[in-house]
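Coming up is one lone chain in structure tokens, specifically the form predicted alone.
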Amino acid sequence: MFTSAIVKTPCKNMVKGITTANLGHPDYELALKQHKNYIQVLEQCGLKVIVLKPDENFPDSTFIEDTCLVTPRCAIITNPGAASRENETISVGRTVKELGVQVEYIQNPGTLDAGDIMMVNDHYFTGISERTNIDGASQLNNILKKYNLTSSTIKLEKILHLKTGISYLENNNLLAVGEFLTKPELKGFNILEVDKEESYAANSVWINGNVLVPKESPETIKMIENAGYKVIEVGVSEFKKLDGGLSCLSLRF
């Protein structure tokens, strides 16, 4: 069960964020409304939400998940793979320390985006991607070992982040799309296959029995409901324009 979340309000400069989506520039005012609704949904799921102020120096900083992995035993400040995002970790690290959590760090030459990490009980799958390299994954593994946690890697072929294409919904159920449907590392899961037309919905989020799913994903929503979950639809169209999804917008712990 999760009890808390940390989010970061989008800054006006988000319109200059990194993107490959080709969906146009985000509408800042609509993004703010969607972010406030996202916070309300987290609270609806029983989480206490800490809201960090926007920072115009970092256009992508609302995607706070990439900067920190919070485990039940420690928090790991990452070293983001995009150069423009490196110093986003400073304010997040300060906030996590104030919560009294034990903090560890990924160091150069290792790079690690926590969007490439999926937690399954006491195990952490790490995607090797354009943003996360082998050195970063190795450092993560060594840190996790200190806390009696384990990890393993999955090589990404086409997708930006691991959790762009898979989401663990607990109870051995794994939402997956594209290349992740045939990864041997995932063969032990019950795969819920997301139709490629709704591939964005592969980034959904389990929180305390609820599953947050992007709006306009009717087939995925039906499949998740049929698997026994309560679905909450969340509008994140403006974040999709920046390659961001539901999990990217919060640290949940």
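Being a predicted model, the structure only gives us computed values, none of them experimental. A residue's number is simply how far along the shown sequence it sits, counting from 1.
Heads up, the form predicted in complex with a small molecule isn't pictured, but that's what we're talking about next.
None of 136 to 144, 159 to 167, 69 to 77, 93 to 101 except one has non-hydrogen atoms within 4.5 angstroms of the small molecule in the predicted complex; the exception is 159 to 167.
Within 4.5 Å of some heavy atom of the small molecule in the predicted complex lies at least one heavy atom of Gly244. For Val234, no non-hydrogen atom is located within 4.5 Å of the small molecule in the predicted complex, even though that partner is not displayed. Contact annotation: Gly115 falls within 4.5 Å of the small molecule in the predicted complex, judged by heavy atom distances.
In the predicted complex, the small molecule lies within 4.5 Å of some heavy atom of Ile18.
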